[in-house]
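Just one chain follows, in the form predicted alone, and it is written as structure tokens.
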């Protein structure tokens, strides 16, 4: 009679919170689509000067093509029907004798499109110099231009302006939320850890900020500075203002959650071992807010983008020569109803704003469901 020793069942390996959340996130197709779209948008912003056929403020001083219509790209020779090098027709202005308004009409002049052409100089990420553009008509004729999305009030290519505007809108949104997140976490942690007069002062400051409507507070703080300030300083100022007014909600949530964490054993053990207050808050208490911060970032960035676009739309945001989606959209307001009937392409920057906010919302909802144990499947 032989006796076999019982075999030990393999021990199941536990999964971390982030691995479980990642597996749940992969099941949410809409959130993945939103994440992919955001990656494409930020790649577009990074390589915007390369993708744009012109420079940021390139326009003709002799032939101003105000609100030039989009130029369709032709791939076939209209005479033979054979495929040829892509080209666009040059447009000319003719006076409409019925309305007495200059209208753009295509001429017989062809403007061939080349790839990898040299043009206006730029710097990728502000560091890497270059003058190669993805496409363009070259230097054959100064009046031969490609208007993929039409032109704006000064005749500048709207597609080029949107590429450069994406750098401002997307960067300010992320930067403002990152700064406000750091301020909100530190303020909430100090209020929860120290309590007493520190807690009272911080919470009263939060209540003051929340009592004033956000857009009104932004306009009031922006009006303190002159309108014709340095364009670079204006961008940093907008970033700081957006961060200044948006940290209060996170500080209040952080305080509420860390009040219970402060009484847990690992915090008491750190205090008994002689850890300083800053180390306890940063290394032991704040990491418990990780999941909330991740979700809050994904949902806070679109709010900051809308805030910056609102300021620029009102004319107190980005200053020329820099431009954002909101300042481009302001030109649609200047045209009134004719912006819809005669030049609808000036509304395209608004679609970029809506598209970006929608992508962030899809991603944020997916992350929130992935980290929520009650919604896991």
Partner chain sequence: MIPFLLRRLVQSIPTLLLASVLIFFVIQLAPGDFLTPARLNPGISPEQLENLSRNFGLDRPVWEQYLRWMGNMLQGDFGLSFQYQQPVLDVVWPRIKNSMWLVLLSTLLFYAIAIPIGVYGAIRQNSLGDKSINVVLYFLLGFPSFFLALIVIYFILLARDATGLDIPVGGMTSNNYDALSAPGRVWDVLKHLIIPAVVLAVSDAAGLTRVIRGQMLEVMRSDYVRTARAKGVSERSVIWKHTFRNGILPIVAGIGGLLPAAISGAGFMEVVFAYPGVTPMLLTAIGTQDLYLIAGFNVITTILLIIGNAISDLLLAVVDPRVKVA
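The structure displayed is predicted, hence computed values, not measured ones. Residue numbers count along the first chain shown, from 1.
What comes next is about the form predicted together with its partner chain, which is not displayed.
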Worksheet item: Is residue 204 one of the residues lying within 4.5 Å of its partner chain in the predicted complex, judged by heavy atom distances?
Response: yes
Fill in: its partner chain contact in the predicted complex: residue 324, any heavy atom under 4.5 Å
no
Discussion item. Can you tell me if residue 128 lies within 4.5 angstroms of its partner chain in the predicted complex, counting non-hydrogen atoms only?
Written reply: no
Worksheet item: At the 4.5 Å heavy atom threshold, is residue 236 in contact with its partner chain in the predicted complex?
Response: no
Worksheet entry | Listed residue that, although its partner chain is not shown, lies within 4.5 Å of it in the predicted complex (heavy atoms), from 69, 350, 55, 35 | 350
Fill in: Listed residue (216, 266, 115, 75) with a non-hydrogen atom within 4.5 angstroms of its partner chain in the predicted complex
216
Practice prompt. May I ask whether 136, 164 and 167 all come within 4.5 angstroms of its partner chain in the predicted complex, judged by heavy atoms?
Written response: no
Response to the item:
With a 4.5 Å heavy atom cut-off to its partner chain in the predicted complex, the contacting stretch among 172-180, 303-311, 103-111, 273-281 is 303-311
Discussion item. Given a 4.5 Å distance limit between heavy atoms, list every residue of 341-362 close to its partner chain in the predicted complex, or none if there are none.
Written reply: 341, 344, 347, 350, 351, 353, 354, 357, 358, 361, 362
